[in-house]
Structure formats: structure tokens, C-alpha cells
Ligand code: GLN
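Presented below, as C-alpha cells, is a lone chain in the form predicted alone.
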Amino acid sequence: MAETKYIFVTGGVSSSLGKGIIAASLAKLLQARGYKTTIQKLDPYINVDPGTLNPYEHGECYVTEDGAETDLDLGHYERFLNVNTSQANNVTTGRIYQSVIEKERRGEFLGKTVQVIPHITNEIKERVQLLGKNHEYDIVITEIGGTVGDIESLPYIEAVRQLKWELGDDNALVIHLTLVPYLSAAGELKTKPTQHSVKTLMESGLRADILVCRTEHELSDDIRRKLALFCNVKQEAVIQSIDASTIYDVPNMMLDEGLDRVTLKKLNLPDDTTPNLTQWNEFLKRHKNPKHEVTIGLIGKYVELQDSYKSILEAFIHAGAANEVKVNIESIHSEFINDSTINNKISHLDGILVAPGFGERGVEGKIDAVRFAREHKMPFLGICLGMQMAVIEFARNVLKLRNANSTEMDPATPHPVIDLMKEQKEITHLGGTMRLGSWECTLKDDSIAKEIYGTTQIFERHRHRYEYNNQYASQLESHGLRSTGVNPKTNLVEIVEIPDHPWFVGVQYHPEYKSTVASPHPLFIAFIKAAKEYSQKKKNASLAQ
């Protein structure tokens, strides 16, 4: 294709309407028609990236193959498209201003006064077009964070206005996602919030080409006509996005609404193929018609906000469908796990996942949960900090190393079984000490990990600072906690297992980041399979009594 086409997704009326899911669903439909498509997210906050943001503030921080700490929407993009994103797929205001200021310091602007227009907007336009530069993609979809009218979003909206003018109507379009609320007292849907949102967009010089309307009730033809007339779009371009039982229904819903057809028509692209969603619909069929059910305890400290563990929750959906199992998740706050509560909170579960995290709050509860899973032969998966908690628990209760800990939690611990590596200790910048992105791992032949992956060499994504301390490796190994995955370059332990336990695996990396609809992660598939077998054994035992 001669020219890359650009689609911009903006939002109005309210945040959390699902711009990321609409962008990912449209991308899925275009991809299913044979178009090479990618998605990027422009975030209006001034942080350089979400790496230092509290999960309560922003949900999980998603990590790409190349080690970029990004917005959680990039997780949706990868899960829907089964295509890796990168540093270029997430841009923040902080990164934009940082780049412009660095250019100014280097004298690149030849002494000119640096301003929002043209310098900031030029930088935004440059970043937007970066993915389309080598014509690697036919279509680049750009989601703009926040809502129209936010002061932070103004430079982005202005940059899109300029780009649309420069590229021409056939090469760029704007999809505006908005809310059509239902007033139960009046018994009707109200279009006024959408009208105001479109008006705000137009005041910034940008016109919506397609309206996607989030709604709890069906939009009648009358409402569609009214929205088309007042919002200056064609009626076929008023797309209904009704509440769905799962986000994975949305591509089919957008197909039924004709979002992909209208998009291709406006971009002057051929519309002569039918989207091939066979694999997608096979996944949906298995997801919606499970033959078994398991309950997994997600032990974490950010459980009040579901988005904090978004990739883990989605990986369970993928693995559940692969096993034809409905996975019920019980979010359990690790701060409230102790000797008196643990039996009540955990004994009924079919498996435990101890989640990633930073800092000392809630770690003792995580250690107690690991001990329960180990002693009661319950399937256990520890991810990142969860793996480290497994090492600490084993050191304390099997090796009897009193007060064994991580130096992250207790710098003065007499037994630092988890520690910063020597070369990391001098670095003071947050992020500077982090192991990020894809790292190689060699698996031992006679391990659960080798059986799960079916190979001895894997690459997984990391986001952590502290490491398994190899000084304790021989002690831990001789007592039954095997190191079965090791980084070949650094010799750092990535996977631990207990061979005489039915299924006990801790991994230093984040397998959830690589799980997609098309390729559910093998570790999650194996964990859910083990939980299903454990559940069946419990049922058989109770029937035998």
C-alpha cells in the first residue's frame, strides 16, 4: 500500500467508556480482513511513563517486549491482535515535553521561542506517524487518552487537527466515543451529552467522522437520525456500543454495526473481503460453554482495583477457554491473611496465585498463603514478587532460616534470600535498577517448566528489581526447592519448583503479559489444568466419605 492510513479515537462525556476496547476491536476486524494494523496510545499525563504510578491511580503497568513500561491499554491491543507492541506504541505528555526540552537544550530550534504550537504539536505528529513511516502497517489507530475538553488533551487534539488537514480526508479519520445515558425516571435515552461532546470537539477545529455511542439500551432509528443530524455525521456512521457480557464480544458487535465497513469506506479502502473471525469465535464458544469450574484465589495488595491485575485476569480467561473451564477469581487482600483467617479465606480454593507487587505492605500474608498451598498440596503459581515470597517461605519454614527475607522488605535481614545484585546497588533512579522487557531463560530437562513449554529455551518479559540470591541456591535445592529456569547470561534464577508437590511453580517474570486470545500462555493453561484436577480430587474425596 502506498500510504499508511490513520484513525484517531477520541472520547467525550466520561472517562472509562472503553476507547481501548473499541480501538482494539476495530483493529481486530481490519486485521481479520487482511489489513496490517497496529494501535498506539497517547496519554495526556506528565509522567514520562506509568512505571512509577501507583496501581490504584492507573491500574497495572504493562511491559512490552522491548522493555517499555506502558499503559494497560497496550495489553488489550496485544491480546486482541496477537501482535507485539513497543516503546513507539505509547506516548505520554511527559515524554513529548522531555524530548522537546532536550532538543531546545541541544540548540535544534536555532534560538526560536519554543511554544506549544508548533513545537509540541510537531513532536506529537512525529510520534503519531512513527509507526507508519516505513509502510510496515496499512492502518495505524491512535487512541487519545482522557476526554475532549480536558486541558491536558488540547495539544493532542490540535495535533490531530493539523494531521487530518495535512494527510487529507481519505487518509485520516476521527472516531469519537461518547455516552448516551438512560434516565430511568424519564424512561428514555438522552442525546444531549453526546451533542455537547461533539460540539466541544468541533470548537477545537476537529469534526468526528464516526460516532460510537456507549449505551445500556438499543439505539432506535429515531435516535440515530437525531444524532446524525445534530452531530454532523451520516446515519450509517452512528455506531451503537451496547454493554457486553465480555470485552471479547465487542469485535462481533462492531462487525454487526458495520464499524469496519464505514471506516474502510471513509478511508477509500477496498471492502471486498469478509473478516475471518473463525479462531476468535472458537475461543468465544469455549469461553461461554465451559464444562468445568474452578475457583482461584488471587492474593495481592491492590485487589480493590481490578485493573491492577488486568493482564492476569485476562490470562485466566484465555487459559480457562483452552481448558473448557470457567475460572472464578476470588480477590483476597494479603494484608488480611493471618493465622486466624487463613483457613477460612483459602481452604475452599482450587488454586492460589500470589500476585506481583512492590514494597513490604501485605507480604507476610502472601508468605502465609504460600505456606498453606505448599503444605496442603494445593496448586500454586507465584509471579514475580509471588515467586520471591515462595523462596522466603521455604527458607523460613523448611530450611529454618529465622527471619529470612528480601532486602526490599528488611535491609537488615540475616538471610537475604532475595537481594539486589551488586551492580544494581549503586543506581539511584527508579527504573534504573529494573530488569525490564524480554529476557532469555534456559529450562532444565526434567522440570515441570520444560514439560509446560515443550522446549528448553524461552523468552519472557520482566519487571522487577530484586533477584533470587544464588548464595542460597544449594541449600534451597538440597531441601527440595529446585531452580529449574536460569538466565544463561546472568545465571539468575527465573523459575523455582517443588518436585514432590502436585503443582508448585514460582516465576520471576510476568507470563501474563504474553497471553493472548490466539496464544493463551502455557503456564496459565497448565495451572488451570492442575486446579481442575485438584478440584475433581476434592469432589471425589467428599463423595467417598
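If you're wondering where the values come from, they're calculated on a predicted model, not measured in any experiment. Numbers follow the displayed sequence, beginning with 1.
What comes next is about the form predicted in complex with glutamine, which is not displayed.
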Q: Check whether H510 has any heavy atom within 4.5 Å of a heavy atom of glutamine in the predicted complex, and answer yes or no.
A: yes
Q.
Using a 4.5 angstroms cut-off on non-hydrogen atoms, would A315 count as touching glutamine in the predicted complex?
A. no
Q. Do E408 and glutamine come within 4.5 Å of each other in the predicted complex, heavy atoms counted?
A. yes
**Q.** is_contact(T178, glutamine) in the predicted complex, heavy atom dist at most 4.5 Å
**A.** no
Q: Counting only non-hydrogen atoms, choose the one of 231-239, 194-202, 162-170, 379-387 that falls within 4.5 Å of glutamine in the predicted complex.
A: 379-387
(Q) I need to confirm a contact call. Of R465, R396, K345, R207, which residue comes within 4.5 Å of glutamine in the predicted complex, counting heavy atoms only? (A) R465
**Q.** glutamine: the contacting residue among G145, G297, G357, G132 in the predicted complex [heavy atom, 4.5 Å]
**A.** G357
